[in-house]
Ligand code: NAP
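Just the one chain here, laid out as structure tokens, in the form predicted alone.
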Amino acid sequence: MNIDSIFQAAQTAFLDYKNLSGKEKGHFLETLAEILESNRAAIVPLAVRESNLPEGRINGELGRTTGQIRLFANLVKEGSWVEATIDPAMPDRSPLPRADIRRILTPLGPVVVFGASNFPLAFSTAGGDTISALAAGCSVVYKAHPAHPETSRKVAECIQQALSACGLPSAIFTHVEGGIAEGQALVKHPLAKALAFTGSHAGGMALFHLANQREVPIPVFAEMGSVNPIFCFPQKLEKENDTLAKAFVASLTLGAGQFCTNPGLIFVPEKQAQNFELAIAAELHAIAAAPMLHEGIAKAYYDSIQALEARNELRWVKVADPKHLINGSPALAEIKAADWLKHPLFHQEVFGAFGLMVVYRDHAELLDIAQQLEGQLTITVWAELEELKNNLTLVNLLQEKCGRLLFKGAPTGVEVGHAMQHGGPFPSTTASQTTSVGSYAIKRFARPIAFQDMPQELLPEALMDANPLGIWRTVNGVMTMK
């Protein structure tokens, strides 16, 4: 594998691709979605076999994948995402005239995307990172995850079919396989302009440091997981104890706990702790062990559980049962808030269906907990309206700790839409101002450029006076379609 030739081709393809109209990019993405759907019968069995995930889950994930592709297709066809901003010339302004200045978002260049292990389709080859980069007008060099190589190759073939059907260069998307050395070489190549990653904290931080050690550092959009805490308030639990226990266990054990939004931490008031624990335990004992993605993940899960079992601060409600290494058995432990506050070990994510129930005494202890929380993808608050009104300081503090704050339901089930924020303060991600899910993900792979006194004929269509694209623009500080 000649990485330099890969990037040279990706750069050449990018210089053509970036200038395609939004309608042309949208047509390519729609074509890809259709080709993926037409290959469902070939893709689904591969993904099931390589991931240990059930067929229903994989079929749903393929639907989510094509759905987000069409979301970005519609976004780029409409075109307003480029944030066209125009300050027309004011030659007669006193004391100094103003030049004509026009600003737009432009794609970065070749982007390196690392596939995720836990979503063989939606966060992998044609997943959200790849598609949002392609939608922005970037070329993509994709590093396949070794956990599902055949699935990745098949989806890569579909992308190449779509490029060919649209008469586009094949180097707009390049599929690369290999290990750590190959991944590092991709990040270090001088033509790489950004990288996207979904996976472990250790993996994400290794790539982050590598990207920042380059002669020219590049942005790293790494989503590295989260404990996704739930804060329970007394009145809410009093009214809905069993319902909330069901919701917590269902979210905790979804996908054998292998989602980045499974809630691994739940804070419960002391007076309600016993009843809530009994309800959770009853739900957990009805959950059978389920196959995890691969033996490496299962081993890491049980190693983490074993380390926690050595701590005398924990009381185990449901102990994991590793009869078969590949199967993930759910587990639950309880700890007092005072002990949780003392040791960062109890704050860390365990990737799998492990939940830690933290029993707190009062409002003051809850504030201490919130202050010590690290950055999270999500935080959920289960409280009655009156309880929320009486705890606005806490609610305000929790906003600083997460990317998505929920007041109903559970954090699993990330909606692919325009308003979704899937990203949070460090260490959940390396770039809290961005999202990896939803239409705003496209803006990770673009940068602003301003043109001063550029002739009309040379301007991007989005900035021309006539507004031939008919998009929303900001002209003299006012949003308009003129």
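Numbers follow the displayed sequence, beginning with 1. If you're wondering where the values come from, they're calculated on a predicted model, not measured in any experiment.
Note that the form predicted in complex with the named molecule isn't included here; everything after this is about it.
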{"property": "Interface membership of Gly179, the named molecule in the predicted complex, 4.5 Å heavy atom rule", "result": "yes"}
{"property": "Contact label in the predicted complex: Gly203 to the named molecule, heavy atom within 4.5 Å", "result": "yes"}
{"property": "Close approach of Leu108 to the named molecule in the predicted complex, 4.5 Å, heavy atom", "result": "no"}
{"property": "Lys236: touches the named molecule in the predicted complex, heavy atom cutoff 4.5 angstroms", "result": "no"}
{"property": "Contact residue in the predicted complex, chosen from Leu75, Ala162, Leu186, Ala144 - any heavy atom within 4.5 Å of the named molecule", "result": "Ala144"}
{"property": "Proximity to the named molecule in the predicted complex, single hit among Trp382, Phe221, Phe173, Phe351 (heavy atom within 4.5 Å)", "result": "Phe351"}
{"property": "All of Phe197, Gly225 and His294 within 4.5 Å of the named molecule in the predicted complex, heavy atom check", "result": "yes"}
{"property": "Candidate stretches 358-366, 400-408, 113-121, 282-290, one within 4.5 Å of the named molecule in the predicted complex by heavy atom", "result": "113-121"}
